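The data below hold one chain only, encoded as structure tokens and taken in the form predicted alone.
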Amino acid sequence: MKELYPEIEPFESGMLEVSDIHTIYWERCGNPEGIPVVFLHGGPGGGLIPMYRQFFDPEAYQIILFDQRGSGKSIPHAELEGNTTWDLIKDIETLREKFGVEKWYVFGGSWGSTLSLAYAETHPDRVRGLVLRGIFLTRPKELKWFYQYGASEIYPDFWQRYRDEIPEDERGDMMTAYYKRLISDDEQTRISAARAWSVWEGSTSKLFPDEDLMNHWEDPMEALALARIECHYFMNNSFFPTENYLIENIDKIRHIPTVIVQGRYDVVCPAVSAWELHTAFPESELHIIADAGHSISEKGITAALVDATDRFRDKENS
């Protein structure tokens, strides 16, 4: 079973002004002359962690990572204005042009899979291949499953805190109730709601719940970016013109080599979305990991993702 490559530090990093409001953090790792790949993190609002650099052979790949608008080291923190899917796609293109990349691989999980598909469907001529994990198509049925009713039946213990943040008379529409609090003028209201929202997600992300991951999302800065930006996107259909936009436009990318890695017991992004994507895109390669949930760090998922990037490396070098 393949494992992560050793820890690595960027050989270059910086801040890039992408609008009158937003400046994003970016970094490059690995081989400056290597096969270009861009890493798209989850959330939206999740930000980067050092482990994300380790899914690629650093001798073979030029690894480009960035914190999406409002996330991680990008500023202003947790900002919603000028923060849409289409803005993020423009930022990806700005980075591609900045680094003189003609075509690159695109790697993304969870919301990163959403953004990867949206980017590829918008700029199919710029994508060499896709590596996607934990497929999230941001459709209403997926959002209702996780934020209203469904996952609650599997994790009732963790659901309780998420539920109890909202008064009983508002629980018929949890997302709207959370959104009202996450954009509140009162800081404590925002932080309390952000923690409850984010810890719920962290509690359910692995097959075996991870206390360290839950504690990570108690941090107010981390929680605010994730919860505010996620809820902002989800309240706006992720800024797609239709509810099933990514599947409806899949023919634009069916020529692009694509590997899908999905945890069988992913509660955050259930496997049915990966299956429906693969059914609409039969040329894709689907790997359902039998003993995994949603997290990129679960052993089977990690191994399948590293194997995918290694195989794309070997294809480039053959």
Ligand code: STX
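In case it trips you up, residue 1 is the first one in the sequence shown, and so on. Here the structure is a predicted model, which is why all the values come from computation and not from measurement.
We do not show the form predicted together with the named molecule, though everything after this point is about it.
- Although the named molecule is omitted here, in the predicted complex all of 43, 226 and 234 have a heavy atom within 4.5 Å of it.
- Site annotation in the predicted complex: the residue of 238, 83, 205, 71 reaching within 4.5 Å of the named molecule with a heavy atom is 205.
- Checked against the named molecule in the predicted complex, the candidates 162, 178, 217, 245 yield a single residue with a heavy atom inside 4.5 Å, and that residue is 217.
- In the predicted complex, at least one heavy atom of residue 147 sits within 4.5 Å of the named molecule.
- Remark: residue 107 does not count among the residues lining the named molecule in the predicted complex, judged by a heavy atom distance of 4.5 Å or less.
- None of the heavy atoms of residue 35 is located within 4.5 Å of the named molecule in the predicted complex.
- Although the partner is absent here, residue 268 lies within 4.5 Å of the named molecule in the predicted complex, judged by heavy atoms.
- Here the chain stands alone, but in the predicted complex its contact with the named molecule, taken as any heavy atom within 4.5 Å, falls in 43-51 among 56-64, 271-279, 43-51, 252-260.
- Of the residues in 279-318, only 294 comes within 4.5 Å of the named molecule in the predicted complex through at least one heavy atom.
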